[in-house]
Structure formats: C-alpha cells, structure tokens
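So this one's two forms of a single chain, laid out as structure tokens and tagged structure 1 and structure 2.
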Structure 1
C-alpha cells in the first residue's frame, strides 16, 4: 500500500524542522557602536563546535570565548561576523559610527552670561541633564545647547545620545554685569575660538576680550594670508572662513 501524499510530504519536512530547531542563534543579531566601545554577542542552540570569521577586523575586532563573542569597535565602518556550527552559518552585522562630540568641552560664565554648546554626530535622541539648576540653566534646540549662568558656583552638564555620554563642566563666576547686550552676530562662529582663548575670549592662550573689532579682524586676516604665520596653529583655524565671517567673528569677540 502506498503512503498517502500528505503523510509523505510531512515525513520529508520533518528533517528541515529539526534542522531549524538546532541551528545556532545569536543575540543580538546586529550591533551599532562607536570607536572604543565594547559589546557581547551570545550564541545559543549550538550544534557541534563553533568557528568565527570576521570580514573587517580593522573596523571591529571579535574574539570567540565559549558561546560568547566579545566585540570591540575600532574604526568607523562596517563588518560582518560569521558564526558557523555544523548546521550552518549565522551573521552578526557590526556598524561603527562616529562618536558624538560636544564643543567646547568646558565653559566659564559670568552671572546672566550665555554661551552655546554645539553637538556633532549625534545618534538618536539627545538628552541633557544638569547637576545644579540653581547655578546654570540650559535649553536644547536641535543640536545646540544654550547655557546661562544663574549664580556663582559650578555645575556639570551630562549630554547623552543612544551611544555616547559627554560631560561638560561649567563654572559661573560671581561677576554679574547684567544681561549680555552685545551683538549675537557671529556667536556660533566665534564659539570655535573659546577652546583656546576661553569663553568669550576671556583668557586661555591669549585674551581677546577687550581688543577692538578692528584689531581682532586684522589679526585674523594676518593669520589667514601672511605666509610667515603659515605654520602657526591659528593659521590652520582661520582657513576656509570668508571675509564676512572673519568680520562677524571680530565683531562678536569685541563685544560678546
């Protein structure tokens, strides 16, 4: 007597069901990381021994230890980690993105003074927490945080996205000259100067606060055009700015 067709088909499919049940599984099946970050992938339902192949060790290094893969992100890019047992191969996709940065990395403000923090390369939602709202007020708009000094003291701002955490210390001095009334034109451009010259050009390598608009503009043009200053760090910083942008920076720094 011949086997019914439906029963014969079921008998043929049973090995495939068993195969899928025994195939190795990975969790998570994909990773998104930033350089320097470490993560672990768990391997389960293993049949026989495991082997690991990495398509791009320069982007992410991976070490198989028992039923776990230790992954370290090295550089921006992507890599595929292939995990093989006797039943087949599963793949873990690793994507390494640039880490979020915040500029400047610290602030010094007077009471009622404002400054901006610029966020670059954010991943997902940006969240800002403030260790002392009585000393500092913050306002997030897009990828820019406006910081206002409220009272003398210190506070730490913690800025997070889905992959990175950055901390920015803020010091508020006791000087309270009232609200800042100077021009806001060129503020974002001039904020790039704060890392070396202090907030609003108040110190650092060279104090700019107190110089006239004409003096600051002449210095910027000199660094941009004079070959005698071509190896100076300032020459590298001013390249690419238009004349209008240099004037806006000078105008703002002369009266922030």
Structure 2
C-alpha cells in the first residue's frame, strides 16, 4: 500500500476510533456459553436509541429489551452482537462451546467396586459434590472421577464446571447383589436359570442369589426326583441336566 493511501485510511479511521470511545458500554463485553444457556448483557451510557445486529443467529439468538440484551446460545460456534447508538457501535463476542458431558450418565456399583466417570469438554475448574459420602466415595484427577461403592443405597454426584452442571445418580447394590466375582466356570450353564430367576439369580420366580451351593444343589436334586414333573415347571426344567451339570450350576450360583 502506498503512503498516501495509508494516510487516507488513517484519516478515515480516526473519527471512528474517536466515536468508539464515546459509544455505549456493554457488560460483560464477551460471553462464553454452552448450547441452551441464557445470559444477559447490560448496556449503559446510551446516547439515543439502540439497535442490535447479530452476525450469526444460528449460534446465538439475541433480543434487545430496554437496556438489556437477552442472549440464548443455540449451537457451537461464535457470533458478534453489535450494539449501535447515536455515537457509535460496540461489539459483544459470543462464543458457544460444547457443553461438558459426563459419561456414563448413571452408575451402578457393588460395595467396594470402583468405576470411572469421564468428563469431556470441561470449561474452567471442575467441582464434584456428593450427596451421600456414606454410600459412595469420589476422587477427581484431571478429567476422570473415580467412584467407589461404600454401602448399599443411592447418592447423586453433582459435577460442575464454569458453565454446566451435571448430575449422575449412583446406585450401590448390596453385596448380596454383588460383587460378582466374574468367574466363568459354570456361568454359561447357570445362565439358563436367568430367564426365570433373574440375571445372576437376582429374583423372579425365586431369588437364588444368597443361597449356598449345598442348598441349591439339594433343591435341584429334589426337583429332579419329583415323579410328578409335569405339574411343576421347575421340576420339568431340571430333568434335562446331568448330575455333574447340576453341581456346576449350584457352585456357580452360590458365588457368581
């Protein structure tokens, strides 16, 4: 650019800069929001009437009412809200960031079992609060929260960053509903019982979790020896197994 042109530009810009200093004031002068969030920008030192222009209504919608701009974040991106009065224009920059998410959104744990919650897109400092520290313990490191079941019951974890609040319900199951040892021995065989007695024998026709190996085995043998097996579906069912299979099933169900 040649010297004269540069000068000309300066001359042109100077009055604008001068006006800018006198234009209305906005507070805050920029916004960081998450989709769905609402905020207000206050406009002061206004000369004459105000007009508002929005560079990207898809990202944020803005409504001027009196000396306030009501901003609603719609989608991730940025938008400039320009407020003009008699003396000039001032711009509010709106940045819409993805909201912080926590995964999974709920947890079920056994007593003494640990699980992790993973936080994505946090803004600022993460804070975790726990509605019942006698039921679960939490520890935050970076963007993961380790949750440990302490006693049967429920607790709600509230996870906050500077923009978003997430609540994660945690259910701690009693030790009779877990911890599941994860043994595979006899597991597939015993899973034949789950359609009628619940997953891991947790309940349905009869709850099997919590019974001992000897109790279960004896009951199965009693059913198997029932000559009237066509009047009781349990007795009918058990006819199909070998003794070795019944022992394996009883062993598994007593300690799944």
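Take the two forms, find the largest set of C-alpha atoms that superpose within 1.5 Å, and that set is the rigid core. Residue numbers count along the first chain shown, from 1. Values in this document were obtained by computation on a predicted structure and should not be read as measured data.
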query	finding
Matching structure (the form predicted on its own), either 1 or 2	1
C-alpha of residue 54 moved at least 2 Å between structures 1 and 2 on rigid core	no
Once the two forms are fitted on their core, CA shift of residue 213 between structures 1 and 2 in Å	24.3
